[in-house]
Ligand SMILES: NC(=O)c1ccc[n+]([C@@H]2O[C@H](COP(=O)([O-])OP(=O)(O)OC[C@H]3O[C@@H](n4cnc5c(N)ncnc54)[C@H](O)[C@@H]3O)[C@@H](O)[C@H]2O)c1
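First, one chain by itself in structure tokens, the form predicted alone.
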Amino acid sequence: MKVSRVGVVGLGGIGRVHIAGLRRLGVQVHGYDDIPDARSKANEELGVVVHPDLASLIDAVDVVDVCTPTDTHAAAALAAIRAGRSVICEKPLARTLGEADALIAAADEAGVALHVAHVVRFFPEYAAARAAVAAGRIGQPGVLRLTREGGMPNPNGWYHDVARSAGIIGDVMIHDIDFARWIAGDVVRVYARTLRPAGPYNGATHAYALLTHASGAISHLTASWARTGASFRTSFEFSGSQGMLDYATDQRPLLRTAPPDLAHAGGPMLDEDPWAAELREFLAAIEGGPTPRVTAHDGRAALAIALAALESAETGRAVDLPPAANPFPGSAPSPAEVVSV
């Protein structure tokens, strides 16, 4: 199947990012949003083919790309799957595990693809670090530390409603949850805490989680909307039995390593932005190419960990997760994820 038309559902911030990536890939982009003003602006500003309803968009395209608020992912994706369309869905895959399982089962039954957009796997520094770890360059991963922090988004936005987005854990930390699992394997226990500042907004704006992996590795994750007045920042530090990798968006060089021979060998690691790179990989898979580096089952696993973290933060107790049959899913990098290190 050759993909020539992709329909983006949800024409807000992340929807516009996906539209830009899809246009760079040369496909015809269609769009739909429940909000009339969003449809009007998309038609005027983005040059996409805008549809008056979801059914019209689904009928007109080969693939549906869901970029709506988290609690609406399942309904939009399921409508597309039932119409025989492959689906790309922004993270998290759904708001509940029941919804995620229903989507995976429906896609399997319909014989269509279901991809979840965990874009951090496509950032060049993160992809290079994963390839190095998978190649055994730091030995057995032992302790991982990942941070993702910025200022508070609009306090009236849907992502602050935990019932809709799972809050800062489901909206922000889930990026690093997925990446930690990609590095160190499945997670069997989660302990998490959230902080609620004083002021007009009463939701949690800072979260910390401790993940215990089936391999014995430990991940320390921090996510924050409390970095007031400062730029958005991410970082990672991966320590293993034979070396360490660390990186932060505000440090130079971009990828620092110990021992030094783990350093990036030079030259570009990725020739396009991460969103276009993930969309290119998903569309290639839909057309019959290799399995992409992130699957719907990976998205389901990240959601399960995020919901366990949310439960732990609410109850003050660690939450156990059932161990998977393989604690190191995809431990060897696929051709799509191999980069120079």
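All residue numbers refer to positions in the sequence shown, first residue = 1. Given the structure is predicted, the values throughout are model-derived calculations rather than measurements.
Beyond the structure shown, there is the form predicted in complex with this ligand, which is absent from this document and is the topic of what follows.
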Looking at R85, R121, K91, H213, which is the one with a non-hydrogen atom within 4.5 Å of this ligand in the predicted complex?
K91
With this ligand left out of view, which of A192, A117, I183, L114 would have a heavy atom within 4.5 Å of it in the predicted complex?
A117
Looking at this ligand in the predicted complex, do all three of D34, T72 and W275 come within 4.5 Å of it through at least one heavy atom?
yes
So, D171 and this ligand: in the predicted complex, are they within 4.5 Å at any heavy atom pair?
yes
Report yes if any heavy atom of Y208 sits within 4.5 Å of a heavy atom of this ligand in the predicted complex; otherwise report no.
no
In the predicted complex, does L11 come within 4.5 Å of this ligand, counting heavy atoms only?
yes
Looking in the predicted complex, any heavy atom of V48 within 4.5 Å of this ligand?
no
I need the one stretch from 26 to 34, 40 to 48, 309 to 317, 287 to 295 whose residues put non-hydrogen atoms within 4.5 angstroms of this ligand in the predicted complex.
26 to 34
Output the sequence-ordered list of residues from 159 to 178 with at least one heavy atom within 4.5 Å of this ligand in the predicted complex.
Y159, D171, H175
